[in-house]
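Next up is one chain by itself, shown in structure tokens, the form predicted on its own.
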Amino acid sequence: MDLIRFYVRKLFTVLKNEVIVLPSRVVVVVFFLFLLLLPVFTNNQYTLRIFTLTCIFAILAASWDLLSGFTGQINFGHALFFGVGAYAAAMSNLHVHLPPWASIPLGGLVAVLAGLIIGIPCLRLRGTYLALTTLAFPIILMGFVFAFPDLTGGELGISGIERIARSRVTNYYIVAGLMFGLCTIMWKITDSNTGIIFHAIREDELAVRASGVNTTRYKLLAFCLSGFFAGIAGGLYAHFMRIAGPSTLEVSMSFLVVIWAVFGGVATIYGPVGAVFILFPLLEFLRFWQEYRTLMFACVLIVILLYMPDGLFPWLRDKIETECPRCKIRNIATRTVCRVCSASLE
């Protein structure tokens, strides 16, 4: 009983001193509680399906940000990792009879191999040339899919895959839990020494190389890490939808990921995740207005790009929080002195 009391007191202290002091952290807690309690307030299968897919695409968007947002290696063919993960998980489940808990990580590992295959020839390319080169890889793989229909299912794809779980609610909780876990891991990577080097490569790769850092190794690492998380998302998608087809490799999928990241804010991890949770359900729930759905989507994007060029969530965060010039700790915008070092914020 004393142990329980200790942990409750510790949790209350953390909430009081670390969470409630910043609006952004309060929003994260509310977001977590919303996803946790969603099945409690609704049993609608369609709603749970939408938010399960949203969690899957949030992992995909964050994985693009890990590569392109933090290292500056612009990837316009990110659907390759997603599709490779989906096909690898589907084929291993259907042909080798691996259960989902084994086939999904396998899809991530195969996507890591795809990251190496892409990363090695693209190491000398930058900017537009890199973006166009990466765009070609999912198109090449799609040609392979159509060329070997006996193995890949051709245009129809691979169907009849085992479900992640029998219950839609269980599916939702598994995917949402993985989304929180994987996105937290990606955020911790970007907050580590490796993430600092990724940032430095994006800002000035020549200076980083001159300081003795092996930039080639870190760029390959970024491709592999991004591929792994995107492959996990692809495996989850294949098992949830019970199909892996050419749609997972389409160019439109790659551009959607870029749109989500730019909308939410690149080089943040939380920005693309938040963008997916706004844009994907919005598009789905506007299906009743089919004629104007895409137009409204485009208008929202144009407004964000014009007035919030750094992304929606960094813009909102700068409005409600301010950074201390002395200790770099963030404070709520209404404060006049820093909550840690008492420096003036005005």
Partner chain sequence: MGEAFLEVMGLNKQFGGLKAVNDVNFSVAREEILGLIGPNGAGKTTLVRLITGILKADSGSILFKKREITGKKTWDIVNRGIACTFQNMRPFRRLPIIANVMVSCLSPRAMKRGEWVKRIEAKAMDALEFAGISDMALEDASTLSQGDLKRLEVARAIATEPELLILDEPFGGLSPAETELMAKSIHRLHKGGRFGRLHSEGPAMIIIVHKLQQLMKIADRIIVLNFGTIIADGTPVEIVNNSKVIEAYLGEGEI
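Since the model is a prediction, treat every value here as computed from it, not as a measurement. Positions refer to the first chain, counted from 1.
What comes next is about the form predicted in complex with the partner chain, which is not displayed.
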Segment assignment from 102 to 110, 207 to 215, 153 to 161, 166 to 174: heavy atom within 4.5 Å of the partner chain in the model of the complex: 207 to 215
Among the candidate residues 220, 98, 200, 178, which is the single one with a non-hydrogen atom no more than 4.5 Å from the partner chain in the model of the complex? 200
According to a 4.5 angstroms non-hydrogen atom cut-off, is residue 193 in contact with the partner chain in the model of the complex? yes
Heavy atom to heavy atom, is residue 10 within 4.5 Å of the partner chain in the model of the complex? no
4.5 angstroms heavy atom contact with the partner chain in the model of the complex for residue 328: yes
